[in-house]
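Shown below, as structure tokens, is a lone chain in the form predicted on its own; questions about how it binds or moves come after it.
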Amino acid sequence: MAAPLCVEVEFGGGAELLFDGVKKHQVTLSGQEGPWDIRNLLVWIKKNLLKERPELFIQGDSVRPGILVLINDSDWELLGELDYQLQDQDSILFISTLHGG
């Protein structure tokens, strides 16, 4: 079983409104059979942090188009997207680029 991980999950650009307006969350992910990746983290976020309108954040097993994901200030597309294996003390930032107007 993998050791628990402590990561920072942050939401911005309006995405925080889906999480009771809380931008930063210090999260401890308990041990599981395999390593934690972004795919597992999104399931955990949906179950534990997301408060309303999941369709505005999740689409299928990923984030919906228009949500920029940065892992330790790097675009997740450069790091393997959903398959990126989380490390202790990682910082994951979700920024909505979808704005009404």
Partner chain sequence: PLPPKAALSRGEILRYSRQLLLPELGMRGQLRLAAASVLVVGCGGLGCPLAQYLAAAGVGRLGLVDHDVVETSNLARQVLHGEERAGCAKALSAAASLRRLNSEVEYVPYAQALCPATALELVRRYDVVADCSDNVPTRYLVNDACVLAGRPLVSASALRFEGHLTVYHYGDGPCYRCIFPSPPPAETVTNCSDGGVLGVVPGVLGCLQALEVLKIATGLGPSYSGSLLLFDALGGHFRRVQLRGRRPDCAVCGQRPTVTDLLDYEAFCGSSATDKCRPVRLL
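Numbering follows the first chain given and starts at 1. Because the structure is a prediction, the values reported are computed rather than measured.
Another form exists, predicted in complex with its partner chain; not displayed. Remarks below refer to it.
is_contact(Cys6, its partner chain) in the predicted complex, heavy atom dist at most 4.5 Å = No, Cys6 stays farther than 4.5 Å from its partner chain in the predicted complex.
According to a 4.5 angstroms non-hydrogen atom cut-off, is Gln85 in contact with its partner chain in the predicted complex?
-> Taking the distances in the predicted complex, the answer for Gln85 is no, it never comes within 4.5 Å of its partner chain.
Would Gln32 count as a contact of its partner chain in the predicted complex, using a 4.5 angstroms cut-off between non-hydrogen atoms?
-> Although its partner chain is absent here, Gln32 would stay clear of it in the predicted complex, with no heavy atoms inside 4.5 Å.
With a 4.5 Å heavy atom cut-off, would you call Gly80 a contact of its partner chain in the predicted complex?
-> Contact check for Gly80: no, nothing within 4.5 Å of its partner chain in the predicted complex.
Quick one: of Leu49, Val27, Leu70, Leu41, which gets a non-hydrogen atom within 4.5 angstroms of its partner chain in the predicted complex?
-> None of the others qualify; the residue that does is Leu70.
Out of 55-93, which residues reach within 4.5 Å of its partner chain in the predicted complex, heavy atoms considered?
-> Contacts from 55-93: Leu56, Gln59, Arg64, Pro65, Gly66, Leu68, Leu70, Asp73, Ser74, Asp75, Trp76, Glu77, Leu78, Glu81, Ser91, Leu93.
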